[in-house]
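What follows is a single chain, given as structure tokens, in the form predicted alone.
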Amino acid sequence: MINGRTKLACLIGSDVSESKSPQIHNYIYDKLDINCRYLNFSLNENELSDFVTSVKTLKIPGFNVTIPYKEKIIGLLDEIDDTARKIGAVNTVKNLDGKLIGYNTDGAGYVMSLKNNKVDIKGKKILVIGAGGAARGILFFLSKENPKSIHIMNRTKKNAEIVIDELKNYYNDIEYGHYDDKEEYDIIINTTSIGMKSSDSPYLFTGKERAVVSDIVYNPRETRILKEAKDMGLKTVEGIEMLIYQAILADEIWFDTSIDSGVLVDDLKEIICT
């Protein structure tokens, strides 16, 4: 029930009108009796500074950040968590008594989604498609799971090389990926928005793959890359689970609480995907 003590949390991005985040967070708040509501706000880049000021004025406990502001928001914050600083991207911001602190729950949420689907990362050869804000968080947390190697494939090679150089401060077995060796991968991950608003795929299968195929795009639930992987009998991991896990981690940060994700994830998948 909304009353005089109800808090507001939200998601910002260039176009978040179709985001499922309000369904996820508001369900969590209802289940855990957290007196808060969650909304989406689509913003232009020139509105970011005013929004940050409003967060402090309205005492909003926190907000999430999505495409294309995960890197751009950093300069407007008061402090950056060490992990988010290493990643170079922020998707979660906490308002601590007027001080805005940036975090990144994308990577941790993604790794949790793989583990929930019994995908082992240790010793595996991984291809990550994309080098944007979401990829940075995912790459950082993947590297902490001791994979055999990570390759990055990106439309703009220069952007991929920037991310590779940054990550080599923490993980050495990373390089630019090429199509001619793609059949060797154990895990293929799409971190781009390709497939979100079209039937395109960021990857061309040869039919020789043996990989687990994962997509962080969650709308549509089955993107073209996932459908093609399923048709070849490959194991797939849907993007909706990463969205749920990163949301749970964000709520833990904002409300200084620990949330049992087990039942929540299964319930939320049913609610969102039906």
Ligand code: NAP
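One rule holds for the numbers: they count along the sequence shown, beginning at 1. The model shown is predicted, which means the values in this text are computed figures rather than measured ones.
Heads up, the form predicted in complex with the named molecule isn't pictured, but that's what we're talking about next.
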| query | Of these, Asn146, Asn117, Asn159, Thr83, which has a heavy atom no more than 4.5 Å from the named molecule in the predicted complex? | reply | Asn159
| message | Considering non-hydrogen atoms and a 4.5 Å limit, which listed residue (Met232, Leu32, Ile67, Leu43) is close to the named molecule in the predicted complex? | response | Ile67
| Do Met196 and the named molecule come within 4.5 Å of each other in the predicted complex, heavy atoms counted? | yes
| request: Examine Gly239 and determine whether its closest non-hydrogen atom to the named molecule in the predicted complex is within 4.5 angstroms. | output: yes
| said: Contact with the named molecule in the predicted complex for Phe205, defined as at least one heavy atom pair within 4.5 Å: yes or no? | reply: no
| message | I'd like to know if Asn95 sits close to the named molecule in the predicted complex, meaning any non-hydrogen atom pair within 4.5 angstroms. | response | no
| request: Would you mind picking out the stretch of 95 to 103, 166 to 174, 74 to 82, 124 to 132 that comes within 4.5 angstroms of the named molecule in the predicted complex, counting non-hydrogen atoms? | output: 124 to 132
| query | Within 4.5 Å of the named molecule in the predicted complex, do Tyr185, Ser214 and Lys227 each have at least one heavy atom? | reply | no
| Listed by sequence position, which residues of 1 to 28 have a non-hydrogen atom within 4.5 angstroms of the named molecule in the predicted complex? | none
